[in-house]
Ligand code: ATP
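Quick heads-up: it's one chain on its own, the form predicted on its own, in structure tokens.
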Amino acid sequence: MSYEIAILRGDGIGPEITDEAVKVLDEVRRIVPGLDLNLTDHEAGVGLYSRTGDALPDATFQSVGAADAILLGAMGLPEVRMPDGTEVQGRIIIRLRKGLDLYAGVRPIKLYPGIRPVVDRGEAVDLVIVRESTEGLFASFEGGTEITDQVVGDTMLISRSGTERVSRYAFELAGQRQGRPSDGRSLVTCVDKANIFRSLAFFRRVFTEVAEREFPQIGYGYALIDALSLAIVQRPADYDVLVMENMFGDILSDLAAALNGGLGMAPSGDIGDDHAMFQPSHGSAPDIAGKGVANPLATILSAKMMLEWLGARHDDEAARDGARRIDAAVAAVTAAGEVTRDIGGTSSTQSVGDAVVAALPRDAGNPDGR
């Protein structure tokens, strides 16, 4: 099948890590029969805002909304702020999430061969954090209340429909996976603070209704966010898919990246029913931009997630095949130690991208073949 892919390279290291992901996608579309990717660049970002006063032009928003999927590098320049003191990139990402109804923030935490994690428990790590991306505390974005420069408030909003659909997404995802590493059991864990907050007790109640009504074949459980923040580091193999409110997911996914080598190994997807955007979980790191040391693997793995999503959405085996080849290539590269300095290597951004291209399996029937 043919897909229109909108590319947003962004700021800081965004362009250079996106270059490597595009390089990999170019090779994948060359070697996978039946996979046609039309990659088109669109301008957006804080750099554009600095020049024009508009970080995400309406024309760009319309174009990326019409694409089959979006691949984003990284957005943000910390020194460029809105009049209220907040950073500009939040306007871009949240406008895309809300405008395209990308309600499931999906952040896989997987330990690849050869990577020494920041926190090493000596066990397999393969879990997914799913955060509801349109509600929760983020619902107050640009809508908080300030009283005469003395009191400022933001409100957490949880809806039944929003909780039902993100819970449903988490269960469907669990049904597609191999289960948690400890025993292969499919398990969805609701992460909340239901012992204190009525909104999160409601989130848990709706989650339970979806579990019992629609997914009796998949196990489920609960965890309080504070206790889980320790448990996930102590026993990562006990977890499969975790679903939670927006802010909790934002924080926990960064913490969990200590289990797989850091944010340079942390891809993500913002997924809705009709649209999806894929990007590394990390920021734009302008302090290392242009030095050739940024880790492109999170972006390359985000491109892999994009192909997985396209394959599932369109029942397209060619897209699934492309995703499997990228995953195998990344595993081969990390096992060989061809990685950047953030995960213990000496390779450059470009050489890691070149290594992934070289490692892509050429034989569709043999995912480890060349």
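Not measured: the values here are computed from a predicted model. The first residue of the sequence shown is number 1, and the count goes up from there.
Not pictured, yet referred to below: the form predicted together with the ligand.
Novice: Give a yes/no on whether Arg204 approaches the ligand to within 4.5 Å in the predicted complex, heavy atoms considered.
Specialist: Residue-level check for Arg204: no, no contact with the ligand.
Novice: For Gly283, is any heavy atom within 4.5 Å of the ligand in the predicted complex, or not?
Specialist: Result yes; Gly283 sits at the interface with the ligand in the predicted complex.
Novice: Asp149 versus the ligand, in the predicted complex: is there a non-hydrogen atom within 4.5 Å?
Specialist: No, no contact at 4.5 Å.
Novice: Please run the contact check for Asn295 against the ligand in the predicted complex: heavy atoms, 4.5 angstroms, yes or no?
Specialist: Asn295: yes, in contact with the ligand in the predicted complex.
Novice: Work out which of the listed stretches, 110 to 118, 240 to 248, 170 to 178, 256 to 264, brings a heavy atom within 4.5 angstroms of the ligand in the predicted complex.
Specialist: Partner-contacting stretch among the options: 256 to 264.
Novice: Quick check on this chain: which one of Ile225, Ala139, Ile288, Ala211 has a heavy atom within 4.5 Å of the ligand in the predicted complex?
Specialist: For this set of options, the contacting one is Ile288.
Novice: Within 4.5 Å, heavy atoms only, which of Asp321, Glu338, Asp342, Glu27 is in contact with the ligand in the predicted complex?
Specialist: Contact residue from the list: Asp342.
Novice: Would you mind checking 1 to 16 for residues with a heavy atom within 4.5 Å of the ligand in the predicted complex?
Specialist: Contacts from 1 to 16: just Ile13.
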